[in-house]
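The form predicted alone is given below as one chain in structure tokens.
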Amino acid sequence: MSEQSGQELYERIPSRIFDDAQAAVCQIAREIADAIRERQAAGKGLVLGLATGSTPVPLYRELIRMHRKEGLSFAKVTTFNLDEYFGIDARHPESYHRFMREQLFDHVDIPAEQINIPEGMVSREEVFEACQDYENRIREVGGIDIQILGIGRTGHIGFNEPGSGPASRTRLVTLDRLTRLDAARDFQGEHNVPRYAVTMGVGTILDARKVYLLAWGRSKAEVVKAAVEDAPVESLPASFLQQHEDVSFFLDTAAASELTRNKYPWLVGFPEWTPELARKSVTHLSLKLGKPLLKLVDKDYQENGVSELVTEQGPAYGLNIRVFNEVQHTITGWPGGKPDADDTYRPERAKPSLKRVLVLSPEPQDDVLAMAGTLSRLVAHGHEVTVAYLTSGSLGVPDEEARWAADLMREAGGSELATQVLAELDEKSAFDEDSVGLRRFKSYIRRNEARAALQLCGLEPDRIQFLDLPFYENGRYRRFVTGEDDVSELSSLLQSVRPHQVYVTGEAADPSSVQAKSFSVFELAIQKLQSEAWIKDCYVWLYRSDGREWDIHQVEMSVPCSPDEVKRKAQAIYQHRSQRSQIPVLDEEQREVWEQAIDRNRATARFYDKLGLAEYEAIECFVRWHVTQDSAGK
């Protein structure tokens, strides 16, 4: 069985995987540009279906670049957008009319009369007729030639939420709560997110001649896998794209990580059995069968598609012991290294016995969500720990939290600042952007929450730094642009601390997110400092704060947490009061964010237990990122 034929057994939609989003959008932009020029040469125009949200932004920036630098003209292009929130004006900062102007239309030569976006301000009585008119306009121009799509965590395309079938057309829909939670920060709170939207239907989308679906980041991996490999169902509208004759998914490596060809490559072909892949296969087999690593036998391998591995690297018992030892060696109660110990098989060095440790948190709370227990250990063991918050996190504070804090200040004795904040909040509509002063006040809320959380981890206030990087202070969610000032500020911090250890996150996040932007700044800062002597002695450990833990085979350092440490972690996360309604949930139970984080750590401990290792209350996990790799990481 060839790798391609094995892949086709699982994948019902052609999927193209790229190293990163930029490489993918460059390819799509070239294909769109070729289509535009081909139509122009024939005296015709191209009809583009466009999407909103953070996913297509890199594509729009590349098309703008091609317009400015390569003369790509949009004069004969007609566009139809997928959707618009219902009940908000086109001037609203989160309307898709405004989004498209800011992200594309204001920067290219497309005539205004050739731009079509669903109208969000028609009355309920008029909405059906408006949707019919939208469908008619698409038909009048001969249909959509190329449709661009993103995919939501519910599997929606456009705003076709679960329950949308392949016959659906442009219509008014009710938004799923998870979709509204994902938009909560953009709208300064879930209660401000519209409950309804106007969207093209799945059937409208399927009528397009060619479809490109774009997906970036680890958070999209599971829904991408389901849409590509599972049978079409109304609970996953994107899966109906399997019925289209010319559709392609363009994915970065993180979004493609759950596809069978990547997650279980031995099922689609004959991979090279590297030590990491062998470890992945053996741990997967152990968990799948519910048998500890040391109890697997040759028959288990032979009956589950990995006979080649045991033939090449067996017998089974020897392979089991090797993988057992590899997994066992990741476990350490000494994340900063154990002094005067043999560190041959430990994830961290014994020397220096006391290390300078720098924890980089994109926003306040990312650190304690993922590694509060490890932070407590590092402090307790006497390491010189500094926690730096790269951004203020002010955009994530709802107005009602700012009002609560200002009321408290005024009640405690009055404050000119509190009075100013309350006055602005009284005059401000739910959709007005915060003034500089209000954003600063909200940043004070996040700072105090962060200090309270880290105090529970044993960290003194003078070991906490707030960088307030410019990309965040000058931007807004999903529209951040990093620059040299960001890199310079982080480089200065790294140079001043000269850490032996750095903990950082965001390596596989959505490229538009605060976490991903922060990680890109870190990469550039490290590159800038490559010639510094201390870099050679610096270990960089990646943590994950988005609720999706590393797979067991990836983990290179696992830090057990005692029951008391787990309680302190929950208390530390709980200090971030302003974020309790702002962090999107990852399950249907609507649990508090601290419950999700603790359950994730406990689930990891159960995995280790099932593999036959020691039983722990909870485990925090890390993967080492090698600073000598040029922007490649692990």
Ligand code: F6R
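Fair warning: this is a prediction, and the values are worked out from it, not measured in the lab. Note that residue numbering begins at 1 and tracks the sequence as displayed.
The same protein also exists as the form predicted in complex with this ligand; that form is not shown, yet it is the one meant from here on.
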item	value
Stretch in contact in the predicted bound form with this ligand, which is absent here, among 321-329, 224-232, 421-429, 143-151 (heavy atoms within 4.5 Å)	143-151
Site test, 457, 503 and 568 vs this ligand in the predicted bound form, non-hydrogen atom cutoff 4.5 Å	no
Residue 359: touches this ligand in the predicted bound form, heavy atom cutoff 4.5 angstroms	no
Partner proximity in the predicted bound form: residue 523 to this ligand, non-hydrogen atom cutoff 4.5 Å	no
In the predicted bound form, residue 83 touching this ligand (heavy atom, 4.5 Å)	yes
Contact label in the predicted bound form: residue 54 to this ligand, heavy atom within 4.5 Å	yes
The single option of 240, 301, 472, 96 touching this ligand in the predicted bound form, heavy atom within 4.5 Å	96
Contact assignment for this ligand in the predicted bound form, among 101, 478, 76, 180, heavy atom within 4.5 Å	478
Stretch 155-170 - residues with a heavy atom within 4.5 Å of this ligand in the predicted bound form	156, 157, 158, 159
